[in-house]
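Shown below, as structure tokens, is a lone chain in the form predicted on its own; questions about how it binds or moves come after it.
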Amino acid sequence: MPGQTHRVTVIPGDGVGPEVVRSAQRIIAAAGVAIDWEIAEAGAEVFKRGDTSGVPQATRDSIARTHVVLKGPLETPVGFGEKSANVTLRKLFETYANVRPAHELPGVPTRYAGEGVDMIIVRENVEDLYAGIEHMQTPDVAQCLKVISRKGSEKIIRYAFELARREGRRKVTCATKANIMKLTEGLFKRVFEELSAEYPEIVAEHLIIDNVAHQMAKNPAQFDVVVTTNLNGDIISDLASGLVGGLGFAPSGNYGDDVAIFEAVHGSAPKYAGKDVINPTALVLSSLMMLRHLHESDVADRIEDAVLVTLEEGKAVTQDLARQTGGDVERAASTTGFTDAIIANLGRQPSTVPPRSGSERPSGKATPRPHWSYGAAVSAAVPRTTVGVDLFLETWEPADAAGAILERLAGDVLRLEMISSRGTMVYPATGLAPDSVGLLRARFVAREDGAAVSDAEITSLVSRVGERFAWTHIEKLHVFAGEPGYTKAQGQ
């Protein structure tokens, strides 16, 4: 609450992280908010010490005490090494809502200046492909499991509607790839359609994610709140930031029921580290989201106005903005100088854009009134039947030859329905010949249509097939309440 001392865990981060974090801390202190910072670490140096999580126990303990984190960017190896420490932090503390506002800023040239771009991307933050469940199925074929749950979908979708209601916004757009991934992205879409009825004053629309990207480039001002799955949200939120000036102006907050983590969207930019040239605006704006979360909205408004005045006047411009405006990069303001300018402008209001006074945007409350009923009893009440199994085989044998063998191995209870390669049916023969990658999926179903298949029968099948082929993965085929819990292959 205003006037009290807040305890916040601060993770300076890697690369330019300590510089932008220091900028935000200086501005908050100058604005008169008392914060007891608990310094913690995560990321590159932690990995180097052999902690494969990137988030040491001392940092976890600090966050458990403070419940609020201001974090600089963390370095994440690309294509090798350990899991992202950024993602680990979000998942450890179930910060399921990633909120990324993108609105036009004065003095920042864009292709859409004057069109009123003002949107909030609400991204599911712990599920989807970011569950990070990957396997090498063979030495040459990798798999990543896309995990979408009804509960996780409802949490983030309800969060988006509650945010829109709280902020007086008119429309929530659900962005999915449900036309292709009908069970995973389709579940997200169905939950959105179910929940939208509870918010009759808000326009609810669904768009395919690639159309959202197209429409953002074509007419971004049409979007208000966009809610989407994890990977989709990661991509289009970066796109949204590009519409309003770039990652140097892109803040974000990660909200859970107990913990909130605030960070800039941009990376650690190691080549600029220690040079005092980086633009700290994204992290400063992220710190304002933190202040609003701490119910210091009046101070957040004052700081935001000072940032807007500084950008509007353009007297102190960092290198990235100088390049965009055609200014003198050699005379651009340093990170420290830009921070000094914001502090000097505290108490002033911008003249070309409305002041932000009274705004709780993008969130003043982390919990959006959860409203679900889940658990073992609810799940068990759904009628279900196991009707077969998909068995993934490591083999380079031609599909017709493998099919003939698998037909014989199917047994008396099960039959081979089809074989696919990368989701496309290759047996029975279709007259086409998709390329082989050494991994086939053999689908076995009950010989009697719709009959249940027992675990013992599946185990027996796997044993028989395993004597002839190297199998690597099994998926049961379920029917829930009369609806198949699996998809057909392309060509079936």
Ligand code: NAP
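Each residue number is its position in the shown sequence, starting from 1. All of these numbers come straight from a predicted model, not from anything done at the bench.
Keep in mind that the form predicted in complex with the ligand is missing from the display, and what follows is about it.
Heavy atoms within 4.5 Å of the ligand in the predicted bound form are found in exactly one of 269 to 277, 205 to 213, 383 to 391, 343 to 351, that being 269 to 277. Contact with the ligand in the predicted bound form holds for none of Glu134, Lys177 and Val227, as no heavy atom of theirs lies within 4.5 Å. Between the ligand and the residues Asp320, Glu167, Glu127, Glu312, the one pair within 4.5 Å by heavy atoms in the predicted bound form involves Asp320. A single residue from the set Val141, Leu247, Leu92, Leu231 has any heavy atom within 4.5 angstroms of the ligand in the predicted bound form; that residue is Leu247. Contact check for Lys71: a non-hydrogen atom falls within 4.5 Å of the ligand in the predicted bound form. A residue is said to contact a partner when one of its heavy atoms sits within 4.5 Å of a partner heavy atom; Val265 meets this definition for the ligand in the predicted bound form. When the ligand is considered in the predicted bound form, Glu417 lies well away from it, no heavy atom lying within 4.5 Å. Looking at Thr76, you'd find a heavy atom of it within 4.5 angstroms of the ligand in the predicted bound form.
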